[in-house]
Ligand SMILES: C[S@@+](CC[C@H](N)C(=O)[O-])C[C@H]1O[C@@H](n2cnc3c(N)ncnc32)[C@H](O)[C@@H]1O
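One chain comes next, on its own, written as structure tokens: the form predicted alone.
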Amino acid sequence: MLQTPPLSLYIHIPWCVVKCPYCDFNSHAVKGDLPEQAYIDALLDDLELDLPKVWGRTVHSIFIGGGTPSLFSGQAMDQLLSGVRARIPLAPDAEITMEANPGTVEHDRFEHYRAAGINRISLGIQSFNGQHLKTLGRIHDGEQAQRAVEAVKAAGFERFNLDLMWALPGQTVDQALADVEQALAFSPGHLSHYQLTIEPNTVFAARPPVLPEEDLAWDIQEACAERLLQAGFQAYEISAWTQAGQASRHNLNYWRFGDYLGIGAGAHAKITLPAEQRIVRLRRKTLPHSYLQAASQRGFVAEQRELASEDRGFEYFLNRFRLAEPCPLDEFEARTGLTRQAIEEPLARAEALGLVEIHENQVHRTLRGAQYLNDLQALFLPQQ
């Protein structure tokens, strides 16, 4: 039987100064004045329309992503979060994260964001190396990156994440380690450490740069992982490292197949309806101008569909196996409404291949399972 999981809220701000050549997110370069007030109004109207689906539930985390949310002022964030609090209960210790990019925030904006109620910053550094930043199409340089981290700390944020990318064009092991070393010098509690991949419908897909050979990329990953382990970090997710107690609560809810409202241009949502034994997914209109135009008709949703029972096992493990922690089979049953017998066959195959181990009704992803994650997840695809 389906049970109600924790609930989060994702808010999408779709504008950037420029769109990076590797980016396949729903982001759009700003042209003219930023419609800050109109967009805040639309977001709050959008949220109101989804409230009947989550009556009586409390939001445990909020993530404001993009795009570049730090293009919006502290006053706008205060208005937005005040509007959210007026419409839906927030847990007293709710984690409220905002993404920010160096080069898009003045020094004092971080103080204003903190005053608005934001208590975690995720800073898109990508690299401290000026040449690599230029290759990636970033608008900041290494010095600006360092100043941005210092500004986050000076504003009093105890919880902050630094985004780094590795296997960049022309990157050596030493250069990748230098990025990690510089990040560690700021004592972050959390690091996102992503391999650069070429995604469809990006500038890099049309004009691909020369990436490090597979052996070199492996050496970079191994060297950086070893250094992060030495510094007391643990890889709790495929691309995320944390000090004790500093894991992203919002992202943990995604990966544990929790529920989330999604408002803003192109935002996605997943809502469990236990009384109806249904899980629904929703997607907002993608283009910013279409989303804003939809405000007058209060028709923000572009697509709504029910997650079929035969797809739930795959979607659950697609998320869950990203985490290093064991997966309780009781959680699987509560979050999918399926019985564990529904996954006996793929679990047995995964165990036989050494991708998982099963102990006391918990599924443990092995090191081999992490290395061959796509193959492990694919075992749970519905049989045709």
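Each residue number is its position in the shown sequence, starting from 1. Nothing here was measured: the structure is a model prediction, and the numbers come from that model.
As for the form predicted in complex with the ligand, it is not shown, yet the points below apply to it.
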Can you say which of 244 to 252, 189 to 197, 205 to 213, 307 to 315 gets within 4.5 Å of the ligand in the model of the complex, counting heavy atoms only?
189 to 197
Only one of A265, A145, V180, A100 comes within 4.5 Å of the ligand in the model of the complex by heavy atoms, so just point that one out.
A100
Heavy atom within 4.5 Å of the ligand in the model of the complex: which of M165, A76, I271, I88 fits that? Just give me the one.
M165
In the model of the complex, does Y372 have a heavy atom within 4.5 Å of the ligand?
no
Since only the chain is shown here, I'm wondering whether T336 would be in contact with the ligand in the model of the complex (any heavy atom pair within 4.5 Å).
no
Although the partner isn't part of this model, could you tell me whether R138 comes within 4.5 Å of the ligand in the model of the complex, counting any heavy atom of the residue?
yes
Contact of G258 with the ligand in the model of the complex (heavy atom, 4.5 Å):
no
Contacts with the ligand in the model of the complex - residues in 42 to 68 whose heavy atoms fall within 4.5 Å:
G66, G67, T68
